[in-house]
Each structure stands twice: as C-alpha cells, then as structure tokens.
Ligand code: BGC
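One chain comes next, on its own, written out as structure tokens in the form predicted on its own.
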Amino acid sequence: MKRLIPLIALFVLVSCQPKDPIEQRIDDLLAQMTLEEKIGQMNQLDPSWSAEEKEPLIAQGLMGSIFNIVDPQEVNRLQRMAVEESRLGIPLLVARDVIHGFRTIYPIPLGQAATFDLALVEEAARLTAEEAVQAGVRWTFSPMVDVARDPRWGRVAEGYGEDTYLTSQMGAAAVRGYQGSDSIVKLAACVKHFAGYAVSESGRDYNSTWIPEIQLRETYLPPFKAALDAGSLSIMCAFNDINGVPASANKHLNVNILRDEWQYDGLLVSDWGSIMNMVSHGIATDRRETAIQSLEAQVEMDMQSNAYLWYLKDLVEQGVVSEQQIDACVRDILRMKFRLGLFDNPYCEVETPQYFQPEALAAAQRAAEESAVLLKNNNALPLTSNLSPLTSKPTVLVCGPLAHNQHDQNGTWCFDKVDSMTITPLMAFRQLAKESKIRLIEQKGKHWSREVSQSNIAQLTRLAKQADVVLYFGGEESILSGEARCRAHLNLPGDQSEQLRALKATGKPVVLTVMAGRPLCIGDDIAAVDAVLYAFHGGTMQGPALANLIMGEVAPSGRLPITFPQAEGQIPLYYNKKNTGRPTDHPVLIDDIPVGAGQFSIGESSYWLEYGDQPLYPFGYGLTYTTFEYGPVVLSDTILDFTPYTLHPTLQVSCIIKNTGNREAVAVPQLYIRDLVGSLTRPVRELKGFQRVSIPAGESRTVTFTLTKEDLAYWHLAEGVDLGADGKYEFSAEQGAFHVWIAPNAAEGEPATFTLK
C-alpha cells in the first residue's frame, strides 16, 4: 500500500492543476451547442451565396467561416449578425487567399525563395498581415510548402522551390511573419497542400501522385512539420490522391501522421471543393459518402463542398458517424477562433484602411531587388560601371511585353492588388530620364507575352539602332502560371525569341530581364544576349528594383531556388539526385565530340544524348557585380562521436570567402553534405544551411555553419525490418564517412571529409 501513495499523490496533483482557460471555454461552449450548431462551425462558404441563402445560416450560428470578403464594413456587418443575433455568439472566421501580399504585392513565393533571406520573407509576411487585417481578413491560405521539382506545374510559383530544407525554412519564416509573436494572432496562417500535391504526374495540376513512404517523409513532409512547429494555426488538404487515396480522405496523412504522430491540435480544412471532388476521383459514390470519408479522416472544415452542411446531421442520427467525432472537429475550430482573439474582439476596428505605407513599399522593393538572379553578364551590366563601353549617360531602349505591364508584373494569386499602384520598369526608367541619368527610348503601344507580330519586330529593330543599349523585359503573363496553369513547353511565349535575335542583330548590347512564374528553358535565348536577369514576377515595386539593379545602385544577390532545365525532356531535374550505379561526373564527350553529334555505345553513364546530365543552371546559382573566391572547408574535427556524453556534440564547418572584385556585394554561401554510404542510397548533395554575407571589395569574411547529428540523419527502415514489409521507419544518422561543402551553388566547391562514429 505504501508504494501506491506516491502515485495517488501524483494523480491528485495533476488533477488539481488548473485547466487551460481556452480549453475550459471550449468545453463550456461545446456543452451548450446543438448538433446543428456544431455542424455549422464545420462549413466554410463563399459570399457568392445570395443574402437569402447565407444570412439565415449566419444568424442561426450555422456557418463557421466565410471567405473572399475584403470590405471591412461588410465584414463587421456579418460578424454582428454572427455574434449578436446567433444564440451563442460564435464569431466567423473571415478568410482570403493572401499569398504574396494584400494590396502591396511582394515577389511571388518562388521569387522570395530566391532571396535566401529569411528575415525579409518574415517581414514581408508581417507587413502583408498588417494590410489584410485592416480589411477584416483574419485567415490566409498561405504559405504553400509543396516541394516542387517540375516547373511545368503552374503552382510552382506559389512555393519555395525544389529543396526540402529551403522550403522548410521559408515556410516557417512566413508563418512567423503572418501570425506575429503576440499572444493574440493577427493573421492565421494555413500551411498547404497536405501532401504531395507538387508531385502530380507530368506536372498537370490536380493529377495523381504516388510517393513511397520514405520519400514522403524525407522530402515532402518536413516543410509541413516545420511550419506547424512555427505555430501555424491551420493546415489544408491537397487536391490530389496520394497512393490511391485522395488527401481529403487520407487517414494515413491526416490521422496517423498529423494527429497521432505530430500531435497537431490546429484546424485541418479541405481545399476548395476537394471533398466533393472525391466522387470524380472514384473513391466515393456520392457527396454523402465523401462526407463520411472526410470526417473519418478528421478533415474538420469543409470548404465549399457543402457535404457536411447537407449530410452530417442525418449521418449522426443514422448512427453512421458519431457526435463525438463532430465534437473533436469543432473543438479545433473553436480553439483557432480563441487563439485569434475573435471571441473578445470580432470586429474590424479600422474605418479607413491604410495601404501602401512607406515601410511596406520599401520592403517590397528590397524583396524584388534580392529576388532577381543574375544568370549571365558579358560586361553589359551595370550600365554605370566603368567596365561598360557606354557613356555615363547612355541612350536606353526599354522594350518587351513586360516592360510596362502593371497587371502581369504582379504575378499569380494576388486578387487584391491595385494595378495603378504598380511601378513598372518603364515607369522607373522614365524617372531616371527626368533626372538626366539616361536618355530614354521607349517602345510605344501595349504588347503581350504571347503576341506574334512582324511589325513589332520591325519597330524594335528600328528603335534599337538609335540606342546604346537595349533593355528587353520579357517572360510570361501572370495568367500563364498559378493554379491550373501548367505548360508543356517552357519557352518564352509568342515571338519573344525572334524579337531578341532581331535586336541582337543590330549589333547593340541586349540585356534580357525575365519576369515569370517558373523556370523557363531559354538556353538559346540566353546565348543570344549579353546579360540576363531572372526576376520572376516581382510585385508592386519591381520597376524601381530592376532599375537599381541594372544601373548598378544595387548589386544582384538572388540565387536560384530551383534547378533550371535545358529542355522539358529533362524534367524532373533537381540537384539532390541519387548518384546511380553509372554516374556522369562531367559533360559527356565521345572522342572530343559533344554528345548527340557522333556515334557511341549506350549505357556508359546516366545522361541524355542531347544534354549530358547537366541543367541549364544549378540550384543555388547566381552571379553578381563582383567575384568571390571560396577557400577550403575547415572542420572543427574529422571524427565525430555523437554519443550522449560527448564533449563536442556539434561540428563547426568554416570557410573564408574573399571578394576578388572591385565593389561590395552579398555572397550567399550554402552548406551541403553527402552521406557516402548508407543503408539506403543517399543524394549526391543535401542543403543544410545558408547565409547572406556582405563583403566589401578586396576583403574576406569567415563563414561558419554548425552541423548537428539531426542534420546527418535520414529516414530509413528500422534495423532488422525487411525492406518488403510495411515495417517501422526511423529517422537517425548512420556511422560512416560524409562529405561537406561550403559552396556558391549545388554544382561547385571542393568537399572536406569527416567520419561519424
């Protein structure tokens, strides 16, 4: 009996602990709610419903969330209806797709990833939240952390590229920015799309995916876990089926991993209509059945399918699902509303929203500057450089379909942008002309990226002959990327390639700036011009940002967050590939003849006949207006023992970087590792860290990274488990030799070697 006394005392101590105030309030509300009111909380509807349809639902407490309302007066009117007219006064969640800015637009997320600047991404999200909440929006469906390795997929623009580590870091930064550090969250984040959406076959949106468990855990799930660990209040299902089960009914993802393994207590919402889409998937016979399957997979809020609204009450009464399942869902919905502070203050307090504030515009310009990647420069940039053959006041032709296109410059997924507030490159260069820094020639008329016009080419040729340099702004219209905007051919649309060749034929230097939502296969276009800035779609302030870069006021610092293929036939192409049994360590030559131009045997190594195994540009690549020299990698130790009692549980990896040019610029050193021998084959490189370091001309800086045992770990079968079994997977590091690089991109650098014991 004496042995039981400590256990009894412990039980009494735990049971006497005060309950979390939010959880107590949730308990009190749930105890008062009818079944209809609970189910009402599980529905999110679009305002396109008529007032006669939606307002009675709100007044009766039968709608949990509404989205796509950005009028603060209308938001307050509907909130008053929910809070003051419904029986229990539960406020609405007002949501909106606020992806890369609200009124002030920042670069598309893929462009933000090119900055390799976590602080800037967090600041952009914070400033976005400050604008959105003034309109009454308290929930955004962002960030998207789908690791995307197929640039044909239109939604590659919405994410942070091909790398798991970079995407994890960027997604977590965005969550911190949206939600803030206060006890009351400003704008709730919703990390999406859970999971594997970007792996859609052939890059076709909504297409099927098939992902082995280890690859799912190693490549595609870590960014979601990082965003949830950063505090994301919600997570969204994907549209796709994954391994034969649509995400909205996928118990393995939503129950086994999200709820049981990760212990997530936030809100899981479907994507638009993804619940009713399961009928088309062929996994449910009708919408009633989709409601059952989604509820069993613990999808808690139905976005625009109406399956819960129409069928859950009858399903409970028929005993098909239980009210306890409903309660579990509603608990998470109410918890999110409490964390947003909606019960204490549901209303939008700003009568006259203040948008485009100086701080937001400055951040948008800085983000656009940092996101541009210099891919090529034959001394054509900057225009004011003493390396340039031009005069100090050059005559500049500004032309191309994106030179003065306020709408398309902002890119995809920015419903609340104000085109008239967008400053284009032409507008920025007009200002420079007013300041007598350049003489400006501009192409007249409106032009489109998909346009084909011989008269346009003739006009450009005539104007180019009058200029010292041609600044051509090309790329994609915004409608060519984003959801359901997938492309089979990744060329410059229309006759842009012909325009560039005609311009170059005049003998004048041609600088190409590409504004697009994805990587494009434009090797021939790049070869035809003198300099290339890849700027993505850069938002409200991209014009001044590009002018600063071109004129040399700012040195480029962007780095590619995704590999650029030479041709679509190489896709998927990404840096952290497996080595294969017959790797190609260099461009393929047969008897000094480039691959594709001679006769040779097949099967010597893993490559394409036309391109070898090389991309157009590797992950992490980017030039600037100086050159950097990376010294050898220096390790704090070469033999590591990560036992619990080791005195040195981390490895310090250092390198001296010298600016060997004549101006200050930002280097972006990247830390990579390779596990040389594992129980499963490992990638040739894996990103484990990055920094942005400004280095004055002629000076050097030492950069240091820290590697932990977790950085060396990977998912594999637990010891003793057969590869063919369902088995147990573990995340751990294995003994053996590792390579480690500090390099300017994923294709360069000399490694150092260490051993893990």
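Bear in mind that the values here come from a model prediction, so they are computed numbers and not experimental data. We number the residues from 1 along the sequence you see.
Not pictured, yet referred to below: the form predicted in complex with beta-D-glucopyranose.
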| item | value |
| --- | --- |
| Stretch from 376-384, 330-338, 255-263, 271-279 whose residues place a heavy atom within 4.5 Å of beta-D-glucopyranose in the model of the complex | 271-279 |
| Heavy atom of Leu432 within 4.5 Å of beta-D-glucopyranose in the model of the complex | no |
| Partner contact for His193 in the model of the complex: beta-D-glucopyranose, 4.5 angstroms, heavy atom | yes |
| Ala403: touches beta-D-glucopyranose in the model of the complex, heavy atom cutoff 4.5 angstroms | no |
| Residue contact check: Tyr625 to beta-D-glucopyranose in the model of the complex, 4.5 Å heavy atom | no |
| Among the candidates Glu289, Glu483, Asp71, Asp530, the residue which, in the model of the complex, approaches beta-D-glucopyranose to within 4.5 Å (heavy atoms) | Glu483 |
| Position in contact with beta-D-glucopyranose when the complex is considered in the model of the complex, options Cys414, Met236, Ile562, Ala198, heavy atoms within 4.5 Å | Met236 |
| Neighbours of beta-D-glucopyranose in the model of the complex among 94-113 [non-hydrogen atom within 4.5 angstroms] | Asp97 |
